[in-house]
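A single chain comes next, written as structure tokens; it is the form predicted alone.
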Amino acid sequence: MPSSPTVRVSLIFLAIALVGLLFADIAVTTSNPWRDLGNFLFGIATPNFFSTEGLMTALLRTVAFAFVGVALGSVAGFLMALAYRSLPVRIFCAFIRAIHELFWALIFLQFFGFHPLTGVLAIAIPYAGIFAKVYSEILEEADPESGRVLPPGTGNISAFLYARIPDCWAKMRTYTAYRLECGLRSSAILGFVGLPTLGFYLEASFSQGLYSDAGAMLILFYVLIATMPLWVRPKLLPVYVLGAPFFLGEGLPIVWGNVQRFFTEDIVPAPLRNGEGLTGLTPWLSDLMINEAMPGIWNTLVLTQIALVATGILSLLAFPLISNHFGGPIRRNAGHVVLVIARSTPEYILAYILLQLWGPSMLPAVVALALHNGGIIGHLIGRQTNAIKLRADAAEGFNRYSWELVPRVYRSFLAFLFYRWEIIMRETAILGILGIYTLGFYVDSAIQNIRFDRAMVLILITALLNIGIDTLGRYIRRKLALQTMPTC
């Protein structure tokens, strides 16, 4: 068994995570974390749905930003998917999806300000890169036989529209609907940078100790996600997409002079802007790399690897919650609720809540990343086990879990895990905005100090790091012959 390539790779990643724990800042620094946790749970149990003025407006704007951003991203992504074989297109898509939505929002805030365009573009741009990659994979997997039944002389465009698209439509529609759920989570966390979505009011409630208000917001968000199959209907989508822009709010007017100054002055490295030339650029870049980039990269990598292994462990523990091979319908329904809550809560919100309860360290980030991603993978693997037929004399209990089911789903589990590796890296970097010393911490500090040139270099490093992890993940999946599956 240890000679299996999948087992060897798993043990290597486990060892890396254990070594990373030696260097990680894992500590609870609050004076009474159990009391704070109790107050938060009490707030969840006693939600106050009527105290926060503008809560329903925030929910409506959360939905509006998601619909507009995902709609624009899907259209742009589809157009780029048609030319995805082109290397420049693939590089461009990899770059824009490697930058987290919050980083895009921080960039656009500097020249668009608190305008709806900031939130829309922050979602649409990275999602366009994601859609382009996934749509291109779906189009490549289309059945070539569908185009051969067309009459001779049919043009390429007609063949594409009448043969290829219908064959791919179901998968593209399913993934777009799944990405809309991701868009709602992305839209919610945009409130943490000041946009009028749910995260704005959630942060305000926590900072004031209004746990019942925060509990009400989380419950409403869960209800919003859980009821999507009821209110997101194909016939209503055109109405939602056309109506959503009218509910984004007006925001502050755009000062186009700020846009010009940002691109011509603010992001130009200080030595070049001050006329020092390349002579001054070397020490400037060296200082940035030594004091900010390298510590940020190290902490980002350490936290990512610990969170990745924690996600894997939690996924393997979670999938029996919804598997038909364990327990009865009552336990499985309860398990569904648990996993829906875990995967529906954005990592950023989970980390923010845990930071308030446990204090600033890597521990809240690890737990938040593992809960969210473990909930997603556990749900997908649990559903996969439901399709497995066991013998009548199959083992029961732990033996069924360890000897019957885990070996059969382990390759799919690794495929999901390595697919989400790059996503965990993106989230790890952005969690630095909350005070954890990952790359996001140094990006946010540079922006707060109006040093946009340093911030842009750090964001570029973050994107390159994500691209590297994505490339390595695809290489491992290919070497292990793991099937790749798009997940949110």
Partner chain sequence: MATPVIWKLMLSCFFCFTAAAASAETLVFTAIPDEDETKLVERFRGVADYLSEQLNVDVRYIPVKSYAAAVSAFRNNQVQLAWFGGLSGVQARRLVPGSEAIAQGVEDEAFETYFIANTNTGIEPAAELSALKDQLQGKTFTFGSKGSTSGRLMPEFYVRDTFNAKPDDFFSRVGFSGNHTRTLRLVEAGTYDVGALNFQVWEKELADGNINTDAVQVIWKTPHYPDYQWTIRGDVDERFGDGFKQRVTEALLNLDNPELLESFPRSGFIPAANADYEPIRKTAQEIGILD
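Positions refer to the first chain, counted from 1. What you are looking at is a predicted structure, and each value in this text was computed from that prediction instead of being measured.
Below, we refer to the form predicted together with the partner chain, which is not included among the displayed structures.
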The partner chain in the predicted bound form has a heavy atom of only one listed residue within 4.5 Å, and of Ala98, Val309, Val193, Ile349 that residue is Val193
Students should find that, of Ala94, Val409, Leu109, Leu301, the residue having a non-hydrogen atom no more than 4.5 angstroms from the partner chain in the predicted bound form is Leu109
| Within 4.5 Å of the partner chain in the predicted bound form, all of Asp25, Phe200 and Ile447 (non-hydrogen atom) | yes
* At the 4.5 Å heavy atom threshold, is Tyr437 in contact with the partner chain in the predicted bound form? -> yes
Margin query: At 4.5 Å between heavy atoms, is Arg400 in contact with the partner chain in the predicted bound form?
Written below: no
**Q.** the partner chain contact at Gln384 in the predicted bound form, heavy atom, 4.5 Å
**A.** no
Would Arg332 count as touching the partner chain in the predicted bound form under a 4.5 Å heavy atom rule? no
In contact with the partner chain in the predicted bound form (heavy atoms, 4.5 Å), from 413 to 421, 365 to 373, 205 to 213, 332 to 340, is stretch 205 to 213
Within 302 to 339, the residues having any heavy atom within 4.5 Å of the partner chain in the predicted bound form are none
